[in-house]
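First, one chain by itself in structure tokens, the form predicted alone.
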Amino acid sequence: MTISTRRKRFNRLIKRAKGFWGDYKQNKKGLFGLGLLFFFVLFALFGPMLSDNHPVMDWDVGGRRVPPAWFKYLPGFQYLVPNLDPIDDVGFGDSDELSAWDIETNFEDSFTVTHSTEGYERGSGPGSILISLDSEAIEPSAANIKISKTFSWDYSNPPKRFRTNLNFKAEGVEGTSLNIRLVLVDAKRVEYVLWQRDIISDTIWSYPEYKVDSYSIKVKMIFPDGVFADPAHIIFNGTGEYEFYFMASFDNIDTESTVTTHLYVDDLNIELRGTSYGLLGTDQWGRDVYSQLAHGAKTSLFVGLLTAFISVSIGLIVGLFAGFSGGLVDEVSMRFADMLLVIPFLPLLLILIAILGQSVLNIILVISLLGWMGFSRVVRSQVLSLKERTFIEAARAAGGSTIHITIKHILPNVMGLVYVSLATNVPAAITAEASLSFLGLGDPSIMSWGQMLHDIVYYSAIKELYWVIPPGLCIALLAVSFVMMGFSLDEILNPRLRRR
């Protein structure tokens, strides 16, 4: 093929594409569908960048099942409060971070507080506070050291939840008795000991034996109401200055001991989770609903487009060769398609996913293998009509093989069906994946709009409209976009529907 011939073919393709676009842009339904699809593609590509939260793994980024932050501007929601993180960096990565804390002791000459490059590896990484007690330099038999952080709570309403964190390691404890504790002080200077522990021997890197937060039963039992108490509501009883501190108390110190006691403190932190969060609030585990919606757009588009491409390709190949070859090939392929068509789609889909596993690739594969039969019959009927045309007879007379005639002469004449079927199969695949996820058979490691709807029903969150409406509306609009594009393609490519 010469260069001029290739150039002529390329120019012909460009001319056809311009003509097609000229017809397409005059179709209002097609432009509406294309605009919706363009919006969802942009949302899938750039939407996740607006949130740093992982849609599945990041729990408790805000209070659990709280509305969006902008709800506070609506009547009746003025009580909502945001998150507050009083401590910027909890990892003690360098010595400068020690200056953000207030360090007090009753015997300064006995304690040395420095920065250590050792830290809890499973926490924030290298770096910690190293507290050293010189037993020989202390006169009394008891000493305390306090590491505290003061912060302001400027809201009359309490947060939804508070939680604290601590990792520690003790060395050389045999010369003393050591008690460590976490304490929260309210605006009225009432102290609440959230957790404490006596250390009688050296330890490896450790942490509190229970979660030290307002949802913990152990913390609730501090208060008179017991398990029915709301520690966040009790402690944060108004605006003012609050204090969070770590206290280490050394008692029964052996002043004749030559051993220096070392206490490493890492990941010391308190987080206040508000009653509102982000653009779309949080779910039952405190995960960002907006992040789930944005990442769900990628999942739905990926599943819909790839599934439609595979199923249409299978249906196209089967329909082409069944219709053109006829005989045994046609009979076997069509009877197999008929057999799959009469089997209820959803029950078979559920059984196959339960057997193969709940991965997104298995979902794509199963939906694709169960979605090609109808299109193959449409292609076959078109091929049966085309193969009796005179140009096909001429190609046969010229010695063209079955494959050559099918690819060069019949395939171009059925491509209009392919475009329309692709556009209409995508919403079917999206809703099929949403149905599986809604029934609890979606991929648990990947967030999708169907998985969001499943969580809403499973956790009885129907009344949380900020959580219910976005995934359902997105599924409907994305399906509508492809349906509109399918209608417009059918009107443009189908001679019987084309405007004259």
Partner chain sequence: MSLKRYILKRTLYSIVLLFFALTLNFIIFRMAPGNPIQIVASGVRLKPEMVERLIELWGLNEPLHVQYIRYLKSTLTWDFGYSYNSLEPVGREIMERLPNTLLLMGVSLFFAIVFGTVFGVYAAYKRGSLFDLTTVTVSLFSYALPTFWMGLLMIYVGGYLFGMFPLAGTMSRPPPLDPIMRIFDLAWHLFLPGLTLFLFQYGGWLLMMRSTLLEALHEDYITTARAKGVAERGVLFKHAFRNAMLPLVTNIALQIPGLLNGAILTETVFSWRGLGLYTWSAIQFTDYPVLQAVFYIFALVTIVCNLIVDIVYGYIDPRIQY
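Residue numbers count along the first chain shown, from 1. Remember, predicted model here, so these are calculated numbers, not experimental data.
The discussion below concerns the form predicted in complex with the partner chain, not included here.
So the partner chain isn't shown here. In the predicted complex, which residue out of L340, M247, L279, V360 has a non-hydrogen atom within 4.5 Å of it? Residue within 4.5 Å of the partner: L340.
So in the predicted complex, does M447 come within 4.5 Å of the partner chain, heavy atom to heavy atom? No, M447 is distant from the partner.
Does at least one non-hydrogen atom of G35 fall within 4.5 angstroms of the partner chain in the predicted complex? Close contact is absent here: in the predicted complex, G35 is far from the partner chain, nothing within 4.5 Å, heavy atoms only.
Considering non-hydrogen atoms and a 4.5 Å limit, does the partner chain approach S435 in the predicted complex? Yes.
Answer for V457 alone: is it within 4.5 Å of the partner chain in the predicted complex, judged on heavy atom distances? Flag for V457 set to yes.
Would you point out which of 79-87, 181-189, 340-348, 315-323 contains residues with a non-hydrogen atom within 4.5 Å of the partner chain in the predicted complex? It is the stretch 340-348.
Pull the contact list for 472-488: residues with a heavy atom within 4.5 Å of the partner chain in the predicted complex, in sequence order. Residues within 4.5 Å: G472, L473, I475, A476, L477, A479, V480, V483, M484, F487.
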